[in-house]
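Okay, so here's just one chain, in structure tokens, the form predicted alone.
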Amino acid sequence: MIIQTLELKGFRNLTSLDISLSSQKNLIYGLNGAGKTSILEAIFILGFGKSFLKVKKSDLVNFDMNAFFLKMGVLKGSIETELIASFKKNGFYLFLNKKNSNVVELSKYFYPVFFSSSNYNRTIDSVTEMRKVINRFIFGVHSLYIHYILSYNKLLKQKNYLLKTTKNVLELNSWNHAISEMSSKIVDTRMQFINKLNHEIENKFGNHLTILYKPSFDTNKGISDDIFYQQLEKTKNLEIKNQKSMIGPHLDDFEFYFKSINFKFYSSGERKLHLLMIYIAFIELFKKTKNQYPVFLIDDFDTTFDNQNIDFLLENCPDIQVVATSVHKFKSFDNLIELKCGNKDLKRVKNG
């Protein structure tokens, strides 16, 4: 899958922008505040229906406008596809070839992988952020997974509301049945994915690098609705006392290790390289599953990667499309696009 064109209107500080991208290495460069990261954010929204930042969609609308519009032309094999995301006062909409669509349908034609200098440390240090990354990875190769997560989150919200407002044990039992059923699907999918990803990591980089999946449920006796329901029942009194769910996939942990040492204890540079190796392994797993590469988005390229790391990425994934941002101009990229503040003067320097 290759991004060919991108059009933005009323998005962040970009009132209007229309660019074409190379199928290889693209660099969008310019001063801070020009809107470089906003371009990657727009691409991300077209892939996942939401930003990589914690922000309301209404906050993404340009100050002088009342809506935003994003359009992207994507090439998958020989098939050209148009993806659109728009936000107005009456809601957020996704379109595939001008027909109403959803993230699952769009993912068949486009899937971005996002890496930035501001999030790689947070990914390693925060259990919540690490879960988000793993969830996005799994969705990339297992489209139904997003339905499991959305259904589970809805059930969890309703159960937590019940725990805070009533002591009705019988009603709590029915929610536990529903949650155990969805939990078993999520845990089983996560376990299978991590096994496949670890296998891919070992094939590419040896057995020094590994991901450890630590479910909140005890899985020693297996993964099933009944086994998880029994654990929820044992935890019921504690949950009633604390007025919140104390066990479930929303509390699962993922730990990254290199030579049996947790990533958290490595230097910043080592963290980046080791995490990049995991990303590359996932990209290869995606390629084997989907028979195509995703698009790799790199924010603050010169801060996130040095030349050695970007060469490492491209040597391992030579056919992947890269869209990167930087305050500096790097002539090694195939397509250089200068973005100036206010985006009134967009200059294409080189188109490979």
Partner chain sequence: METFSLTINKLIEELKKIPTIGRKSAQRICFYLLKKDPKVALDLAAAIVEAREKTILCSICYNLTGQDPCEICASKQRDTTKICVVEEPFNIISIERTGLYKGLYHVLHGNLSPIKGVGPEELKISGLQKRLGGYSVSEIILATSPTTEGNATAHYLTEILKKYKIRITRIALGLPIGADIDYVDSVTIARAMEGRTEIL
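Numbering follows the first chain given and starts at 1. None of these values were measured; they are calculated from a predicted model.
FYI, the form predicted in complex with its partner chain isn't displayed, but the following is about it.
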Task: 147, 250, 88, 122 - the one with a heavy atom within 4.5 Å of its partner chain in the predicted complex - done: 147
Task: Among the candidates 208, 132, 264, 157, the residue which, in the predicted complex, approaches its partner chain to within 4.5 Å (heavy atoms) - done: 157
Task: Proximity of residue 79 to its partner chain in the predicted complex, heavy atoms at 4.5 Å - done: no
Open item on the list: in the predicted complex, is there a heavy atom of its partner chain that lies within 4.5 Å of any heavy atom of residue 173, even though the partner is absent here?
Closed with: yes
TODO: May I ask you to check whether residue 185 falls inside a 4.5 Å heavy atom distance of its partner chain in the predicted complex?
DONE: yes
Task: Residue contact check: residue 237 to its partner chain in the predicted complex, 4.5 Å heavy atom - done: no
Open item on the list: Looking at 133-141, 251-259, 277-285, 147-155, which stretch has residues with any non-hydrogen atom within 4.5 Å of its partner chain in the predicted complex?
Closed with: 147-155
- [ ] Flag this candidate site as yes only if 162, 177 and 181 all have a heavy atom within 4.5 Å of its partner chain in the predicted complex; otherwise mark no.
- [x] yes
